[in-house]
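Just the one chain here, laid out as structure tokens, in the form predicted on its own.
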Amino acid sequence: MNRMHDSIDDQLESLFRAYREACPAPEPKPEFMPELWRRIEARQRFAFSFRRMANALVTAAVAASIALGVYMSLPHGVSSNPSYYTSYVEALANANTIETPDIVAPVRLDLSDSQ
């Protein structure tokens, strides 16, 4: 069994040797590292600009929300029309006053034979 194992190891070693001779390891070019760093920095620059744009958009949205909240909480100019300051229930109460009972009174239907 050990002889068979040694034979397989020798065959594998000769195969690796033949591969190394057929395909030698390429020598790195002088511009390899600068080119690699240029590509890395280009990707980082794009990601950084995208992140900066997203942060600016979020900041603008928060500022707009605060500005709209402040604008809505401030009282607006005095209007001559008092209906701007009344609630819906108050407007209904003012519209149906007691002086107009005919309009507000329920309808009665007399089904008796009066002929």
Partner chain sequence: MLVDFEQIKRAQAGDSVAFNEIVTAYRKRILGTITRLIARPEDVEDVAQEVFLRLYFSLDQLRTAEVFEPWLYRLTVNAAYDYLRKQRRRQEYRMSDLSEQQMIMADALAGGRADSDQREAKKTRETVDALLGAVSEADRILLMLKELEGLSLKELEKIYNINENALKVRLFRARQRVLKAFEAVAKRKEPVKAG
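Residue numbers count along the first chain shown, from 1. Not measured: the values here are computed from a predicted model. Here, rigid core means the biggest group of C-alpha atoms that superpose within 1.5 Å across both forms.
Missing here is the form predicted in complex with the partner chain; even so, the following discussion is about that form.
query = Wondering, does Ala93 line up within 4.5 Å of the partner chain in the predicted complex on heavy atoms?
reply = No, Ala93 stays farther than 4.5 Å from the partner chain in the predicted complex.
query = Does Gln44 reach the partner chain in the predicted complex, with heavy atoms at most 4.5 Å apart?
reply = Yes, Gln44 sits close enough to the partner chain in the predicted complex that at least one of its heavy atoms falls within 4.5 Å.
message = Quick check on Pro28: any heavy atom within 4.5 Å of the partner chain in the predicted complex?
response = Pro28: yes, in contact with the partner chain in the predicted complex.
message = Is Arg52 near the partner chain? Define near as a heavy atom within 4.5 Å, in the predicted complex.
response = No - in the predicted complex, heavy atoms of Arg52 and the partner chain never come within 4.5 Å of each other.
ask   = Are all three residues Ala63, Leu68 and Val89 in contact with the partner chain in the predicted complex, where contact means a non-hydrogen atom within 4.5 Å?
value = The answer is no; none of Ala63, Leu68 and Val89 reaches the partner chain.
query = Is the C-alpha displacement of Phe50 equal to or greater than 2 Å between this form and the one not shown once the rigid core has been superposed?
reply = Phe50: C-alpha displaced by less than 2 Å between this form and the one not shown.
inquiry  = Please state whether Pro30 has a C-alpha shift of 2 Å or more between this form and the one not shown, with the rigid core used for the fit.
reply    = Yes, its C-alpha moves 2 Å or more.
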